[in-house]
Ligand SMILES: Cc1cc2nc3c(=O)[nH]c(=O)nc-3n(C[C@H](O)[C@H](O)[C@H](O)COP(=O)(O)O)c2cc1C
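Have a look below at one chain only, the form predicted on its own, in structure tokens format.
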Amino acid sequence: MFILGLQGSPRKKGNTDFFLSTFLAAAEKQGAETEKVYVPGKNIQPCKGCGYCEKKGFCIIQDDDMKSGIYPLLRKADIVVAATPIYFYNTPAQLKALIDRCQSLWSRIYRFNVKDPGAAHKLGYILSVGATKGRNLFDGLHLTAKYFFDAVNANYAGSITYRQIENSGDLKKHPSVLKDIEDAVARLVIPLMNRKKILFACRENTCRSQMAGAFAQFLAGDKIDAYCAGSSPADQINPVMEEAMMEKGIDMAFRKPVSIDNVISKVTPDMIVTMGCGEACPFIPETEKIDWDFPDPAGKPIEFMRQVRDEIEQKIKALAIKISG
């Protein structure tokens, strides 16, 4: 499983960074893969409010770090953790710009009627500190977080917040911070770590393995921690496959082909399901390996892609029943 941490404070080594780093370290001890993004260091242009995403499904801004980095990470994540100080009862401008640019993801859900395949089990969580002790200090943040996580297809799972944290090092001195983080990780992370890790592999990771991984998330995300990869990954996923999956209400946008070596360097799968990569798939001791002999739909008409898609869906349904039994 993968946890994305968004560090929203302009201070690189302040209380917010300590908060997020400690949370991610605790998650890594449980076996999770994590990545921390220092949001103020990214090139994120503000939303133009132009409505382009509601008509086309993608942001009109194509040349900053949202398209190439942030959107794919938000889609990859099982848990999105946003860490932020309170600025005028909300997040700093840099993190708010990222949130605003997720309007394009909102549009894909509510204008194009497609969802992230992992939406049913994706979680969103907030870590925040504020300098004052006002009763309403975090009210604005909680409301913003609710709609941010909705836009990225994550279920808002709660928060840890502390008042009167202002000076550098204040949070380290808080008497309950480590216990609070430990409890949150136990509640959020450990249940997801108990899923069966399955790697779906083909050659280019553009069609068959992508569809299998997405269906596994969509149909059995509570039982299967799905990965997909290729022995010779292409530069981008197949657009015909993406169109065929949209017909099922599954959004494949912002997915990127990855190599098998990249995946197994970070996780040891319990099972590898191959779909055409043959001997290029590695041998991993004590890892079950099965083969689904699907024809490669790349370069074929969409009707052929639909046929392969539906066969893969049925295979995933049967696999989920087998795992549950």
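As the structure is a prediction and not an experimental result, all values here were calculated from the model. Quick note: we count residues from 1 along the sequence shown, nothing fancier.
Not pictured, yet referred to below: the form predicted together with the ligand.
J.: Decide yes or no: are S231, V263 and F283 jointly within 4.5 Å of the ligand in the predicted bound form, with each residue judged by its heavy atoms?
T.: None of them does, since no heavy atom lies within 4.5 Å of the partner.
J.: Of these, 5-13, 297-305, 312-320, 20-28, which stretch puts a heavy atom within 4.5 angstroms of the ligand in the predicted bound form?
T.: So the stretch in question is 5-13.
J.: In the predicted bound form, does V129 have a heavy atom within 4.5 Å of the ligand?
T.: Taking the distances in the predicted bound form, the answer for V129 is yes, it comes within 4.5 Å of the ligand.
J.: Taking the ligand as it sits in the predicted bound form, is Y87 in contact with it (heavy atom to heavy atom, 4.5 Å or less)?
T.: Answer yes; at least one heavy atom of Y87 falls within 4.5 Å of the ligand in the predicted bound form.
J.: How about E243: is it within 4.5 Å of the ligand in the predicted bound form, going by heavy atoms?
T.: Although the ligand is absent here, E243 would stay clear of it in the predicted bound form, with no heavy atoms inside 4.5 Å.
J.: Quick one: is I160 in contact with the ligand in the predicted bound form, heavy atoms, 4.5 Å cut-off?
T.: Residue-level check for I160: no, no contact with the ligand.
J.: Using a 4.5 Å heavy atom cut-off, which residue among E182, D150, E166, D139 comes into contact with the ligand in the predicted bound form?
T.: Spelling it out, the residue with a heavy atom inside the cut-off is E166.
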